[in-house]
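Below you'll find only one chain, the form predicted alone, shown as structure tokens.
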């Protein structure tokens, strides 16, 4: 099985080659007609005439029909390959779009904005939206599918090689649509299994200042940190937020300094985001940012 993007690219090359041959043939015939029937080559006073040619008329009617039939058959094969006909999925992930972040559920394990998949495995996505219409698109790995509230659409991803693949919500969904990025990490089956096992464990609670500040403020109403009393569902699950490469669905790289800046004023980096500014002192911000980044 090829990644859907490769199958689409191969079909595009074939169709492009056919189109180039047609272009060369049409332009060649045009040049021939211009040269063959130019006025300087005709007897004086005799107009240029084209006699009826039944065979030629049949040919230029039948040939385009044959070309279209070939392209249609190739397209059907590519669509079947993209759909993974006859290939059982090795993994199923439920994806929910929110304004403006992503939620990925692997059975009981839930994470946000960064999806991991094993290479060489067909991954089926069940796509839905929690609010407005979104659209899931990772160009190198597959096609594109809209995500509608109250409806579940399906999309298949396939990665041949390990690496990081960037994607984007491709349906305008509000003021921060541009900062609704997707990050897909394709890795070996062994690495994926280790990652999934780690994601399934609760947070390593320390009971320190950072955790205390998190549980004593509005954060606890919106976010979940498994292993603590935090069980909010309005925002991303933060149980292992420190293991993610970015914050705010791609708006900032993840480290202690940027985590602190994000908590201090989310609207500075993502205006319109539903996360409010939490009134904390500088020492509290330092402790909370260090705590969240430690959740790996």
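In this text, all values refer to a predicted model and were calculated from it rather than measured experimentally. Positions refer to the first chain, counted from 1.
What follows is about the form predicted in complex with a small molecule, which we do not show.
No member of the trio 123, 142 and 162 reaches the small molecule in the predicted bound form with any non-hydrogen atom inside 4.5 Å. Residues with any non-hydrogen atom within 4.5 angstroms of the small molecule in the predicted bound form fall in just one of 163-171, 196-204, 211-219, 150-158: 211-219. Proximity of residue 14 to the small molecule in the predicted bound form falls outside the 4.5 Å heavy atom cutoff. In the predicted bound form, at least one heavy atom of residue 101 sits within 4.5 Å of a heavy atom of the small molecule. Taking non-hydrogen atoms only, residue 295 never approaches the small molecule to within 4.5 angstroms in the predicted bound form.
When the small molecule is considered in the predicted bound form, residue 246 lines it closely, a heavy atom lying within 4.5 Å. Taking a 4.5 Å heavy atom cutoff to the small molecule in the predicted bound form, the contact residue among 234, 231, 33, 65 is 234.
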